[in-house]
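Quick heads-up: the structure tokens below are two forms of one chain, split into structure 1 and structure 2.
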Structure 1
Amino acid sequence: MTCHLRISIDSRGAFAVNYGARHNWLVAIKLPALRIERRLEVPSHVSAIVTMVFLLLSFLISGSILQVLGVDAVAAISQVASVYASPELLTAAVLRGVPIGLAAVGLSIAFRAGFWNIGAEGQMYMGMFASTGVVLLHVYYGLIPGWALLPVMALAAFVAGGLYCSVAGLLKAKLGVNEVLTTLMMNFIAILFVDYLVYGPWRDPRGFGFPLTVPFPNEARFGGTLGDAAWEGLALLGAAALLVYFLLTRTTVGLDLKLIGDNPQIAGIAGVKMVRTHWVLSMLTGGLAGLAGFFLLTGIVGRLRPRISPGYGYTAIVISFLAGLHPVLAVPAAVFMGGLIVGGDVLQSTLNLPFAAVQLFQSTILIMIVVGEFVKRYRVMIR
């Protein structure tokens, strides 16, 4: 007697065992089938919960990686968490968060319009270059009066960052050049350009040969009137976020940006001026990154030196995604991320861990946030 045992799984995941040619018994063991469906709309409370869950998951993942590498993950994460409980460290977190938040607010404009600006890092350096240029004009030539320094520096930084981003923006709008690669490459050009200035013509003659410019005078520093650079910076960041929110939701520019982000072809047909809109968008996103560079110098460092930003331009990308590309939510997200950076300093002194620990946290946060976006867009159904 021969028997034919056939086991088959159909396309919907139903599981059938057929025994023999004639009998054709359907020993149907139905396995639960997974189906992935697209959601049309995500309620905002679901969205918020998913983001929080995935944020927690990201700490679970980076914690496990730390544990595998032989680091006490519980101690490390609780050290980082303690930053948010101490008023002193929280102020430091705000101070660190302001520049990356400014850049993140700008990125939310670009990303909403489908312009993948990876160049916030380079645009920040251009902002630092321009603000330092203004200070040097004041110090060496006395061209700009002291009281006007901060506003002129901010303006110069905004314009420099914006123009730098416009190169990529115009290349995209006119020739269709991929902005991801151009903005990325321009980061390195800007960093090297600032290196050149600080090692070369802008080096402080009385700096004992160190690659530093002259220290900024007090008129070119935050932390005078309101008492603390952190809170002055937070006011600046909040104002920028509200302005951008207004621009995105209440103006025709905002509408144009939304149309381009939804579907560039249809936006073109609908009469959105591509080159002009890309130019405006580049000025804004690059300009805010330039302001971030301005605040790094005026609020934190106080003089130009090489490699000031350890990748804050990339951290800004993490923030804008954490905030769901919402400019106002980018403010708390930036303070959170600033706290993580301060937490990195704490880990360095207590557990002897390198800055890389912060990068590990940042990267898992970014990955889990976009995975969370996936989960929001699709609903996994079990039948």
Structure 2
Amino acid sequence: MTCHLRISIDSRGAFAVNYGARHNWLVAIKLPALRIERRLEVPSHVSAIVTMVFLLLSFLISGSILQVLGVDAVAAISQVASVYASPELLTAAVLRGVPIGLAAVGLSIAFRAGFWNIGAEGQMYMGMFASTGVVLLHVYYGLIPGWALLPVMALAAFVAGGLYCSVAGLLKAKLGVNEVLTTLMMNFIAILFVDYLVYGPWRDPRGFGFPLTVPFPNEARFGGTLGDAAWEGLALLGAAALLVYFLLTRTTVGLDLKLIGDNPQIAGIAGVKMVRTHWVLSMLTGGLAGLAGFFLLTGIVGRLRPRISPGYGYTAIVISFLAGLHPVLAVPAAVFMGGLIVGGDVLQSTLNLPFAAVQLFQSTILIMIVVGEFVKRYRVMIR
């Protein structure tokens, strides 16, 4: 007679062992069941406390990692903190944070409406493509006067980024296509399209063969009004954040977006025009990402080149959640992130850290921010 030993766990979490030809039960142990539940409401002061706790934890963990690598963690964190105390370094932090903040403000619109736009990076590239096209029309053909160059570039970037994002928005509204896949894959299309232009028809004929466009003229650069591109960019970011906040809280469009984010089925029953609303939110979120690309060109780099964005569109996703999807809070969150980027450059120059160690430091902070957002929104129940 053959005997069998079988171990099983049933659907209710009962752990059991049976043995023998007739499968007699020997033991049954009830295991605790883990369940993740969404918190119905998180008070603002609790959200702020959780964010601060996880930021401190992120510095503690990243400092421990640096210490294991043989780097003085206290000196490294002090160097990063000094960025926010030095006027020159703070200006550099603001300059780096403006494009991240513009994209994050736009993403706050999409995420509030349940539209998971992962394509801010590609929409930034489309904004840079449109801005550069306007500059080339001015430089080669003189079609646009110098005084109108910046406004026309900004408008072109907004429209290009918005239209590029609206492809995914309309696909979701009409056909139910998952926007995460479409927006993510469209990033690579936009990046490679810009690569084609700067390696091909848009390459500077006097650039010694390098994949660069012609340098932007002074009238196509930030810094002529307030004397510094960083503070002009911060003014642009603040104005965009206030306009978006007004749109979300004081208009019927904001109410429609909130209804779609809470329950799309109920929104449809309530009379919300799904296709039109998805097109509007796509134009807004993609347009602000296009403006981020516009500022990256006109405020920082000054000409189009391959892989010009170091992942600012992806970083904006984390920043939007760090700000609690609040467009105004995205402004200080973006400046904070810009300080971390500048702090990484300071660590490389002062402590001779390799770039990989700096990336490890920054990535640990971003991961802990994401974990903190999960803790604020969900809780683990043991039953």
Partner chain sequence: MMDVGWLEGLLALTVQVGVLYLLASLGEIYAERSGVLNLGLEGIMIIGAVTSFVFTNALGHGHALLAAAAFGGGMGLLLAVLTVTMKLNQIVVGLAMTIMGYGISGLMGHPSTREHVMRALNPGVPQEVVMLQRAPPLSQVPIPGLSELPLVGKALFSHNVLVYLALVLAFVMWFFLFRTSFGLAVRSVGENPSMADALGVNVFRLRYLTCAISGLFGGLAGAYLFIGYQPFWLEMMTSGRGFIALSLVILASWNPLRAILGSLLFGGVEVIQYRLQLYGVGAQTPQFVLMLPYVVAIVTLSLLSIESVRKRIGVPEALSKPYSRE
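Only the largest set of C-alpha atoms that superpose within 1.5 Å between the two forms is called the rigid core. Since the structure is predicted, the reported quantities are computational estimates derived from the model, not experimental observations. Counting starts at 1 and follows the sequence of structure 1.
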* Asked: Just one of these is the form predicted in complex with its partner chain; is it 1 or 2?
  -> 1
* Asked: Is the C-alpha displacement of L351 equal to or greater than 2 Å between structure 1 and structure 2 once the rigid core has been superposed?
  -> yes
* Asked: On a core-based superposition, does V328 travel 2 Å or more at its Cα between structure 1 and structure 2?
  -> no
* If you line up the core, how far does the Cα of F361 move between structure 1 and structure 2, in Å? -> 4.6
